[in-house]
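Just the one chain here, laid out as structure tokens, in the form predicted alone.
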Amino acid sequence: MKSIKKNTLIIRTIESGTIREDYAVAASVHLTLVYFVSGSGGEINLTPRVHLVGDGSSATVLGLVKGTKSASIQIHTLQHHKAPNTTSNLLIKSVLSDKSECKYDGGIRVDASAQKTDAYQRNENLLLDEHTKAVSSPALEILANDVRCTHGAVVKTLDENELWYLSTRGIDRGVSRSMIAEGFLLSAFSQIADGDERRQVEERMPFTV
């Protein structure tokens, strides 16, 4: 487990393999953790676990996922609140095409000692082709009684009205698909409050859609 003792931005690019990472965030420290996941075949299994162990610690976790061809992507997250007054905000967004699939399961665990926890978890998926698949399975384990924990999941396809609108502006269907998919993913950056961190993440995005 890696100990985070000062405000930290971590950006990881994942293209294959099985990856498990654990982070322990100290008191009054914020961790921004960003994953760019790109699969074009084979399997990716990613398990990031964030443990908020100090009073007032916080974390923002973002995952931007691009699946093409026959990629099989599995993402398992844990937001573990061990201390009081802790905050976590997690957003995983995927754009899937061809026959790719993304399976997400995310847990929020709040210990009895973690009063005043504020935890949010959301998974959004955009399916570009009919043979793609997205599955989302959230889970909450709350042992404290003064907390706010919410989660949500969305699986959607391309909006034909948006495609039609872009076609009336002279943009062909292929370009329109890419524009909509890129906008869908890039909207995740608004979750990063620090402007310098947000710019760093935008500059290091390794793929287009």
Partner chain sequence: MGQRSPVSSKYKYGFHKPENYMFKSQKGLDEAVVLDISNQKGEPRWMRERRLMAYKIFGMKHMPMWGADLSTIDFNDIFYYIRPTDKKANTWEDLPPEIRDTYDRIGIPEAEKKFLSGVSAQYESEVVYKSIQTALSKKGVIFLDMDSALREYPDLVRQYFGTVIPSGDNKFAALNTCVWSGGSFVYVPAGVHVDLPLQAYFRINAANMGQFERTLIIAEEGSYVHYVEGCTAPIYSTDSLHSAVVEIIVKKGARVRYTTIQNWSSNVYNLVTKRAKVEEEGTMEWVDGNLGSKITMKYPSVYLMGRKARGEVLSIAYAGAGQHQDAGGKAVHYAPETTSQIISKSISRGGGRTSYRGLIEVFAGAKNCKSKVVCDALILDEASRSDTYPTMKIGEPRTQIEHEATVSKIGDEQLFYLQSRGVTKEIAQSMIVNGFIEPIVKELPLEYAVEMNRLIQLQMEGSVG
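Residue numbers count along the first chain shown, from 1. Every value quoted in this text rests on a predicted model; they were computed, and no experiment measured them.
Form predicted together with its partner chain: not shown, discussed below.
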Sort through 60-68, 41-49, 152-160, 27-35 and report the only stretch with a non-hydrogen atom within 4.5 Å of its partner chain in the predicted bound form. 152-160
Is there a heavy atom of residue 182 lying 4.5 Å or less from a heavy atom of its partner chain in the predicted bound form? no
Should residue 89 be classed as touching its partner chain in the predicted bound form when contacts are defined as heavy atoms within 4.5 Å? no
Can you tell me if residue 169 lies within 4.5 angstroms of its partner chain in the predicted bound form, counting non-hydrogen atoms only? no
Tell me, yes or no, whether residue 115 is in contact with its partner chain in the predicted bound form, where a contact means a heavy atom of each within 4.5 Å. yes
Any residue of 136-156 that, in the predicted bound form, places a heavy atom within 4.5 Å of its partner chain: 136, 137, 138, 139, 140, 141, 142, 143, 144, 145, 146, 147, 148, 149, 150, 151, 152, 153, 154, 155, 156
